[in-house]
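Just the one chain here, laid out as structure tokens, in the form predicted on its own.
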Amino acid sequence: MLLLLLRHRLNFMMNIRCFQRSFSAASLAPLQLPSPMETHLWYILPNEVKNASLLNQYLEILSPCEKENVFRMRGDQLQRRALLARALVRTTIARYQTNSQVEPRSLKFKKNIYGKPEVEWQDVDGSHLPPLHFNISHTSSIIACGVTVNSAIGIDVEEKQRKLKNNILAFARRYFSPYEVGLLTAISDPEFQRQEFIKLWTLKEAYVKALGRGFSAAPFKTFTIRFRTATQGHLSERRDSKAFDVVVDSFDDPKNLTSNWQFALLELAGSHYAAICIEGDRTTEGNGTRPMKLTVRRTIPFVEDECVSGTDAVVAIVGLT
């Protein structure tokens, strides 16, 4: 097994020291920062990363705490997924440090008061580092990281074929608002209903993650996802992503809506739904309904990057230019 060494921490660390002698620091192609109201979405397909030497190289760039978290996972697949997730975050953010070259391993992170991870910027020679925001989501078959500048972001990815153990409507009544339950109840086709449930779930989770206050502070039942101008039909019936936009009604704080939050929903890599929620530019409030600009890249860090925007790997459902 590729991650067999992870079962034995001491042996694994001895091997890492050997690899440190043979590996030179792989360069990451520098990128321009996302423009205002633009999102960069990076993703890894774990099944494409099978080289043990490359996995060891990823481990080199993690902090001691991150390594401990990887070692704590049970089973090779969970360990590899945790390793790839942290490697994706570090290598992605390091690409945008244009004022000074920053190694992925030197990046430091902190958590806000609700536990959402943030970059702890280290000023270099008094230079002003970019106000990057990021968020990560993963399933067993994809790991994604979204990046913005000056805009809070939340993302969620879910497998299109995700199966639910419970009855969909019973599950929806437990977590969704009455309006959302009504939308699902009106769907007679079980497969169509399941797909619509997953799309709603990804949008709701992306919104909660963008708020950055944790799920306990923003339970799913306290807000409603609505599709403005989509007075009839559901997401799967509307292929023009500009035909309507997503808005949120908050029961707890109706005045703090959602006109300042922007959503996108897409099919990713042919196998997943991905939802993105970003905070609108407060200097242009009132224009929050304009479609989001999105650039999507598939990556194997240190090996290859591929821009897949405009290909079959990215199919817009709603909210994208």
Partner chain sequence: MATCSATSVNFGASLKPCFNNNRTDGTSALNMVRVVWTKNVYPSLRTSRFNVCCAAKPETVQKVCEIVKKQLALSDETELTPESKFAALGADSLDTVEIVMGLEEEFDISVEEESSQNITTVQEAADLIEKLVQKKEG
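Keep in mind that this is a model prediction, so the values were computed, not measured. Numbering follows the first chain given and starts at 1.
Note that the form predicted together with its partner chain isn't included here; everything after this is about it.
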Seminar exercise, completed: Note: exactly one of F171, W121, F192, F251 sits with a heavy atom within 4.5 Å of its partner chain in the model of the complex, namely F171
Exercise. So in the model of the complex, are C65, L164 and F215 all sitting within 4.5 Å of its partner chain, heavy atoms only?
Worked result: yes
For this session: Name the stretch: of 72 to 80, 146 to 154, 87 to 95, 178 to 186, exactly one has residues whose heavy atoms fall within 4.5 Å of its partner chain in the model of the complex.
Result: 72 to 80
Exercise. Is the gap between W201 and its partner chain in the model of the complex 4.5 Å or less for some heavy atom pair?
Worked result: yes
Exercise. Is D245 close enough to touch its partner chain in the model of the complex, meaning at least one heavy atom pair within 4.5 Å?
Worked result: no
For this session: Indicate whether its partner chain has at least one heavy atom within 4.5 Å of a heavy atom of P219 in the model of the complex.
Result: yes
Problem set entry | its partner chain contact in the model of the complex: E205, any heavy atom under 4.5 Å | yes
For this session: Taking only heavy atoms into account, state which residues of 34 to 49 are within 4.5 Å of its partner chain in the model of the complex, ordered by sequence.
Result: none
